[in-house]
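Below are two forms of the same protein chain, given as structure tokens: structure 1, then structure 2.
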Structure 1
């Protein structure tokens, strides 16, 4: 039997809508039962290549061999029949359905009457979850799940259909460090079971850790491929972007001024309003300061941010921006007070995918004098403003009127970043600013954050990536079980381990102890 599970040769693809040549004679060969990383900068063509393999896009030319036999793949169903399954960069789950319903959707077990056998579906999903180590309750609604759990559901969907070749499109860009550890053990387990895994990622360290083989795409062309042992992170990065990029920043020294953001004794309830997710949190962010929030996800960080930006009611306590109380203000009023926000869920909360780049960028500015006159939008002004941002943020698009939904994943991120980072906020709240971005774009975002800080804004950075927090933040607040447990100056001697102890609730600084508790957390 051929040792290649998969071979794609001479694959070319031009998207007609925008005349973008996404792939140009690309080559992709994957050994059976291996873990293969597919890498390349934003817009390099990774997702397109995998969509072609899944029958979701048609190549203009090229051949596909699965287990040594040439195949035509016209639909996702064809791909599944050949044992190929893909977990997409942007999840495709139905929020209102339970886990089991989502997993079996389109391939439901039916009784002899032809009616979907819900009981059988539930049982099968439970067994699959147990066998694969992807532990998740089949009955819970997807809307209740964290991003990491949603991803498990997506992987279960693929396994349920019997995939032998599992493609994961940027599975880790939305995961916390612990979730990544779990995912890696799942990937290794899949390999032990004889499956082949294709893994798309921008994180070089991960690629070096998990993969055995690597293929590098640049501008739709396969630049290099081979065993991971013949590469190192620097070489891969260089091959991806054609230059070496250093992510270190010297963190500009700024004079700390008055508080831009003041949060006082904030209490926020969870989604169902039953328990407190944020249990009395107080802190300030000065102008000219980057404050990082670290914590294992699910310890109140997202509820805190939702309360700050007005997506979740405050139960007790107050929030002030530049001295103005915004605790109960609308999101629009918050923006007017100088609060800008980059959400972690950029597709769901940050962008309107069916609208153009221009519409997405001026959505919060169209009523200002620059962009409107007597109720009419000044299209020329809007267009040239966007063209400038497209150049500065290196958004790969045919033009400013192009729908955001048709951009590559990383380029969608850049549109949102461009909108938020180009305003001159007093307070900027940034969640996971570099999810899904390639190194060059990460460098760019770090520089913008430093620049906004130098322009005297206060920045609150929420990131699951400790290295990112250590690179950018002047001070680090650690959250655990809905409370702050530490405030640490990032003076260069702080270690990941020290922060980790606070994150896990092993340690708590005296000033954050609950009255009545002896030493550490209650």
Structure 2
């Protein structure tokens, strides 16, 4: 036991609100100064186990040992006192605060008068950033940081509070390839400094690359654990879901017809209205075609999507769906014209977590005759409709009135898919569709995208996962600095390296080059 930084034995947890047993005598042992992967499909109990370790949930039974001593952890403060810190999948930063203010929040250095010493805070954060290799300007506002930089801030928050056991929950979900490389360098450096790292992920190749030990959960039970050298990706995948899952797709071939979506010379400003975030972008998406958009985070993809779905105004240019100009239309009108949208942030933008599954599914159609009479919702019709979708989309839930916020990430995504795809859209805009999902849920999402493609919809896929884009897209558009720099046919010969050169601005196809620029971007 002396070599263990952490041991959790016989951990059980049942949620009374829905009588779901999240953990059943789960076991979790982590060697000191190691990188240990915790894996399992959505709903396997990983998050619940880590919440118990961090004092955010109380176990019904079981024991926790930290550095060989049994401990009772009742709060996050208790966990920090024991040197345990967790970087959550959904960041908890205050965007209007500077990096240093976020890092020290709740543990600010104060002078004799009790007033926060901002100079001391900045100095401490700067030293911590330099020592840990997580170099970042302590004075910059979080709102100006990329996703990868924000993750650095979250890790610095944990280290600032003295964590020796660092838990990273789905840390690479929305990172670019280079940001993942940087993160892995940080993880290895933390290990060199004597830290113990728990790495929670669904990306099996990353687990094989970064981890030394692995524990696999399924249905709240510890299925297996041991040295990563005793496993391969295929074995881990099988143990996670109890069956073999192949993520390859044949990309159904469809005859391309008229354009479902046409974007012409679109210009979109940033939220302050000072600079252009999207600079004269033009492209089309045909019916039966999947067009992927690749690009390093912060190069205009999110602003483009917000303009397409009506959440951001257009400065110049036009948007057409099935020939109808929707440039100035409301979001409801766009949906009525056949536009559907699956956002990358399924919790903040894709669902109302405090509302039921039924309410989430009919949120865009409650006003129609099918579900409304004289201003009152016809709940019997709504529940019946929802029950059918629960079956069709294999949503694991006690019933249609169950709160969405109590579902696993994969099942929340299925609720959103059910709502959007059941409207039989002409155009589907889907962003980061498999963020944080397990292999079985990823397979389900891929199948649904192939299905709607076969049904003659045009699909615009925005993803930071190049493997995903190469798997699903027929054509790949690359954005850099708010402009399109390449349109690439995905004919099987494309490489991640080639796409990456366009993403980083090293290359630009002639048809997308600005007048007066050189053959290659510098």
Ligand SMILES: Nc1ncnc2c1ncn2[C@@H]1O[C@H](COP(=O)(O)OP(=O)(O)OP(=O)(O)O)[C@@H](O)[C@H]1O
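Numbering follows the first chain given and starts at 1. Bear in mind the structure is a predicted one, so any value in this text is a computation, not a measurement. For clarity, a rigid core is taken as the largest C-alpha set superposing within 1.5 Å between two forms.
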Assignment: the form predicted in complex with the ligand
1
Quick check: residue 140 between the two structures - does its CA shift reach 2 Å or more after fitting the rigid core?
yes
Answer yes if the Cα of residue 335 shifts by 2 angstroms or more between the two structures on a rigid-core superposition, and no otherwise.
no
After superposing the rigid core, is the C-alpha displacement of residue 388 2 Å or more between the two structures?
yes
Angstrom shift of the Cα atom of residue 95 between the two structures (superposition on rigid core):
4.1
